[in-house]
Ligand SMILES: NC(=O)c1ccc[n+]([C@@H]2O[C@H](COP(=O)([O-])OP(=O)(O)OC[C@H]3O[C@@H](n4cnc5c(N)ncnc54)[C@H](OP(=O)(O)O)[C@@H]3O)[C@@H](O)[C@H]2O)c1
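Next up: just one chain, as structure tokens, the form predicted on its own.
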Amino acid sequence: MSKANESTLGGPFTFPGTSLTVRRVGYGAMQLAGPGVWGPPKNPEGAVAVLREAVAAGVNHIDTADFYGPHITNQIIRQALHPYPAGLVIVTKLGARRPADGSWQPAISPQELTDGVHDNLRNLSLDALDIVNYRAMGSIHGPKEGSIAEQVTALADLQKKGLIRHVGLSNVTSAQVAEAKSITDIVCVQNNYNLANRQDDALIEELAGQGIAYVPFFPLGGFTPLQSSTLSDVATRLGATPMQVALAWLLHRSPNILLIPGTSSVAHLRENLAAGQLSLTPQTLTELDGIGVDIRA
């Protein structure tokens, strides 16, 4: 894919109250680490190649976290892309740590969040982070209610110090978004959402009305890849893969949705990016909308 195809990556989106404009099809870096998001990849050169291919194809939104690996993913991003091209927006997240046993543990105290910012700055070789998402530790697949004021206040303080430019949230509820907005401006929300898992439909509409980006994690189903005969039938009809159709549906779902599908394969990356060129008719969208209804019924 060449620079000539940049406009096909879902079109542009500007984070609210910022000068940061990205193409709506981005890249999620989690899969650049080893199995279980732990340790180095089996093919470090391949990981570097995927990142360089993404940027060469026009991707200017990369999602990461220093607890991927840990540290590995950010170090690969730095190796592949530093000095970073103008206009590249790197979004990272805080709220977890990976001890030696490879588990996922909360890291949500103000000191842990501060340490996490400095880890990201060091491993990405940056002076300030474009956007930092606070990931609330609900369940692995969804949020739970509870105050996040202490954590968002800690990020707002780091923002005032110039270490963070903008603040986002991950794995949160509508009430938590409102609480965070009372502390600082929120530019994006990253939650579990895809063609089959539609629990955030109302939140997406709410955020769209405020111009806030909604970034689905697990856009292709995550640990349980999306499977639907309707999805497969639509894909066959369009001459596309089911996963391309699922990504295209998200782009059509709402103009504030940004995609960050991840992969460690250049071929799969190209396939994901091509989803930005897929046009879905109103009839096809209605068919696909029914998948979520059927599964929730």
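Keep in mind the model is a prediction, meaning the values are calculated, not measured. Position 1 is the first residue in the sequence shown; the rest follow in order.
Heads up, the form predicted together with the named molecule isn't pictured, but that's what we're talking about next.
- For the three residues A196, W249 and L288, a heavy atom within 4.5 Å of the named molecule turns up in the model of the complex in no case.
- Scanning G146, P110, G142, G221 against the named molecule in the model of the complex with a 4.5 Å heavy atom cut-off leaves one residue, G221.
- With the partner omitted from this view, the residue of V234, L51, M243, A57 that lies near the named molecule in the model of the complex is M243 [heavy atom within 4.5 Å].
- Remark: N123 does not count among the residues lining the named molecule in the model of the complex, judged by a heavy atom distance of 4.5 Å or less.
- When contacts are judged by a 4.5 Å heavy atom cut-off, I260 counts as touching the named molecule in the model of the complex.
- Contact check for Y84: no non-hydrogen atom falls within 4.5 Å of the named molecule in the model of the complex.
- Using a 4.5 angstroms threshold between heavy atoms, N256 stays clear of the named molecule in the model of the complex.
- Taking the named molecule as positioned in the model of the complex, the residues of 12-38 that bring a heavy atom within 4.5 Å of it are, in sequence order, G28, A29, M30, Q31.
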